[in-house]
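Consider the single chain below, provided in structure tokens and representing the form predicted on its own.
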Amino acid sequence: MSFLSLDFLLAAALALLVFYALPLAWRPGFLLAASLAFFALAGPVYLPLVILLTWADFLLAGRMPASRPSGRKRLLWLGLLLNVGVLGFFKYTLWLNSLLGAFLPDGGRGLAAFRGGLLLPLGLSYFIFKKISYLLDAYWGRLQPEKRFSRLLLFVVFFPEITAGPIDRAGRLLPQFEGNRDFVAADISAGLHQVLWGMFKKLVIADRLAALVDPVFQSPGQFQAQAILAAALFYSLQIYADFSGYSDMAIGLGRLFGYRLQMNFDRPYFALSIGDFWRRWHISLSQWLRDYLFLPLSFAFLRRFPQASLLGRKTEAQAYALASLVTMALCGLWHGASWTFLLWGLLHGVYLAAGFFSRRARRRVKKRLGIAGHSAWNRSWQQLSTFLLVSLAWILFRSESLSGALDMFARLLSPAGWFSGRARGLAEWSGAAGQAEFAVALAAVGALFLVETLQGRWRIGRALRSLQWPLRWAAYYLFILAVLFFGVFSKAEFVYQGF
């Protein structure tokens, strides 16, 4: 059930009324039942699976404090194998089968039963990562294992987060389930405005841009390079408005029930570097990758090679480069089992490594050119170059096939691709959607950048909630009318629900 469906909105409103009507002690239990029902609606056959997996994590983590170090490590590995095994089976069986069939014609017969496709459990990638972080934090002693299974299960299947995150940590969310959530008017106001802003970003911006972006990525050979570049830039904005719109709705829904979920975006297209971009984009995933993959890989490399230099390079720099490449490659595969996702992740790993190795050279060039590090011109150049690099990488992410992505890059790099007479140019591409549609899309993008710019100076949401109630509710109604009049309701799903 999509967050944007009328059924879900009515069900969420009813659940909110029941939640606050119940006695305080009953509310966590009701929220768990509602979350399990939401999960079951997407595929009841997998409900026992998520319950049994969470029960296994509950038992394994619960035994860790009383176990010896070797025993704790065995418990950890057993939990990791269970969770990663389930993730790998559902997400990568078909890809493995296709690889075996491509390289070993007779090698894929053993997996022939899966050629018809596998139905993924709702939010598989997200709740598996939440469970892995819980096991690792319990193993490292960062948190005490949860003593109530129902509370741990609620953490795993909490319905605002189950579909596409944020990937909250147990140490942050579990303590909130301990307290009884009472009605607070400020939470309702903050939650409503964030849900509305998320709906605006998804329906008015993302889905309207999709109508411009989709034709180019579906048939890149029909368009000139300038249209391909424009579509790539617009896709950058589409996926941001789509996914951050979902995150806003999820965080707003959690706030309506009194829970503070982790912020998942912080104006990523104002980033000054690729590293800064990943500190601002999908923050819960970026922090997960940093804490549970990048840092352990870096430290393992430095323990293996404790010397100051290796092959003429500082060991620290090599550890950073290797960890960046491996982490981002796995990040790409986490999004999906395909070559396009893998190469998208590797390209970001190359970006990060190149940025690290070129730091001194870039500082010397700026010094010779007399460019101040914190000047407005320098910051603007860094933001623009970062946005362009990220947008080019999104071509791999969005393309329906590797050949399609390579065709788009070939056209961008070829002078003939910019002036091919048979292909459609920028004017034909923008005109295909209609002048009015294109103008509304540009206006919506302008509104997004205006809000993002102002958000960097003060908290708009807090300022909105501080207004007198007539002005505040007038703003809410204005947003509702904008969504109703300018929203595109033909595309109901969020992009990141597919991962």
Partner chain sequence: MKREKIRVLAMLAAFLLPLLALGVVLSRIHDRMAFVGRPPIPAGTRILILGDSHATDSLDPQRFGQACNFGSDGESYIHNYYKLRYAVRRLPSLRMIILPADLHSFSAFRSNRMLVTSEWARYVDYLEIGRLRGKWLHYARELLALRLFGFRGEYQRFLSCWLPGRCEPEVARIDRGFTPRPGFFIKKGRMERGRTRARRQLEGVDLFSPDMVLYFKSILDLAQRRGLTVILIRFPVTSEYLRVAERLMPIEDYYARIRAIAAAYPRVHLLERHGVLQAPAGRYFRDAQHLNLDGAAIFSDLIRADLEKLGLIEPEVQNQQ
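Numbering follows the first chain given and starts at 1. What you are looking at is a predicted structure, and each value in this text was computed from that prediction instead of being measured.
Keep in mind the form predicted together with its partner chain is missing from the figure; the text below concerns it.
When contacts are defined as a non-hydrogen atom within 4.5 Å, all of D182, A436 and W473 contact its partner chain in the predicted complex. Interface membership of L481, defined by any non-hydrogen atom within 4.5 Å of its partner chain in the predicted complex, is confirmed. The shortest heavy atom separation between M64 and its partner chain in the predicted complex exceeds 4.5 Å. The shortest heavy atom separation between I188 and its partner chain in the predicted complex is within 4.5 Å. Although the partner is absent here, L136 sits far enough away that none of its heavy atoms falls within 4.5 Å of its partner chain in the predicted complex. For its partner chain in the predicted complex, the listed stretch (436 to 444, 31 to 39, 45 to 53, 65 to 73) containing residues with heavy atoms inside 4.5 Å is 436 to 444. Think of it this way: in the predicted complex, its partner chain has a heavy atom of just one of R208, H348, K131, K201 within 4.5 Å, and the residue is R208. Along 331 to 367, a non-hydrogen atom within 4.5 Å of its partner chain in the predicted complex is carried by no residue at all.
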